[in-house]
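Take a look at this single chain, the form predicted alone, given in structure tokens.
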């Protein structure tokens, strides 16, 4: 079994610790060898930091990878943005000796060296390859009678040449993992559209960010699903707390529950909603909470 170090990123420990706990519960029940990545920093965020100062971005990202190299473990990310930053830096440094040498000059100042002998994984990419949807389905103890609006997010599937996870316009790998839990992944209009958070849009262009989110939410509500499922805490933040901002800005009344995939999978593996931190979300849909508590208790 692959040895992993858990890279938490920024949003999970600061906003959604339930996602961290859900991840640990799932990987423990699936038999993965998981350890904390002690001393890690921000990835740093690829959409902004890399655009302004590539050398510093590479040095910071490489430092995080080196911490895992020294543990003899592969880096596990639970965020699309963290995955993009660490995976892209790791691949770029492995493929460019001059860049690797330049980055190691920075790392030398803190007693570290990037060797390029480990991999960066995303939890969705990892689970899709090992154990895979069919084996995962066989491990489910609590099949979920839920209709799900799945949000892939941008950095999980692009750049496609590096991700190697199939068709970027109509991907299916994440849908297969959702349906392994017993849930139904429901198609909806503009499913592959950005949530409106990334690339500094949420911070620098608030109105435009909320307009993009409102369009997504309208399409999702039309699909009549139980919840939204994502695999990125930043997308999670946008869909969760962003719903409240959309309601305030546009006078809407959205109340669509939001789960990280680790929380959905945790329910299917027999963990309770309390254990998985689902009630930490800003959006609290009582009908949905009652339903998942009933599923967890075997009443549905």
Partner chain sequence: MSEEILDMLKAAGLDVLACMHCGTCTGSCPSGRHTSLNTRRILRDARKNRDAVLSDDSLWLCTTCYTCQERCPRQIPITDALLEIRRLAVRKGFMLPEHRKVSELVLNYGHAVPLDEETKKKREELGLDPLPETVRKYPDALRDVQTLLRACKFEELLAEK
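Numbering follows the first chain given and starts at 1. No experiment lies behind these values; they were computed from the predicted model shown.
A second form of this protein, the form predicted in complex with the partner chain, is not displayed here; the remarks below concern that form.
*Asks:* Is the gap between residue 8 and the partner chain in the model of the complex 4.5 Å or less for some heavy atom pair?
*Replies:* Within the cut-off, so yes.
*Asks:* Determine whether any heavy atom of residue 21 comes within 4.5 Å of a heavy atom of the partner chain in the model of the complex, and answer yes or no.
*Replies:* Within the cut-off, so yes.
*Asks:* Looking in the model of the complex, any heavy atom of residue 211 within 4.5 Å of the partner chain?
*Replies:* Yes, residue 211 lies within 4.5 Å of the partner chain in the model of the complex.
*Asks:* May I ask you to state whether residue 155 is within 4.5 Å of the partner chain in the model of the complex, using heavy atom distances?
*Replies:* Output for residue 155 is yes: heavy atoms within 4.5 Å of the partner chain.
*Asks:* Within 4.5 Å, heavy atoms only, which of 59, 66, 268, 27 is in contact with the partner chain in the model of the complex?
*Replies:* The residue from 59, 66, 268, 27 that makes the contact is 59.
*Asks:* Scan 109, 98, 134, 222 and let me know which has any heavy atom within 4.5 Å of the partner chain in the model of the complex.
*Replies:* Selected option: 109.
*Asks:* Three residues, 53, 193 and 201; all within 4.5 Å of the partner chain in the model of the complex via heavy atoms?
*Replies:* Every residue of the candidate spot has a heavy atom within 4.5 Å of the partner chain in the model of the complex.
*Asks:* Could you tell me which of 109 to 117, 122 to 130, 69 to 77, 176 to 184 sits within 4.5 Å of the partner chain in the model of the complex, going by non-hydrogen atoms?
*Replies:* Checking each option against the 4.5 Å cut-off leaves 109 to 117.
*Asks:* Can you name the residues of 22 to 59 that have a heavy atom within 4.5 Å of the partner chain in the model of the complex?
*Replies:* Residues within 4.5 Å: 24, 36, 37, 38, 39, 40, 41, 42, 47, 48, 49, 50, 51, 52, 53, 54, 55, 56, 59.
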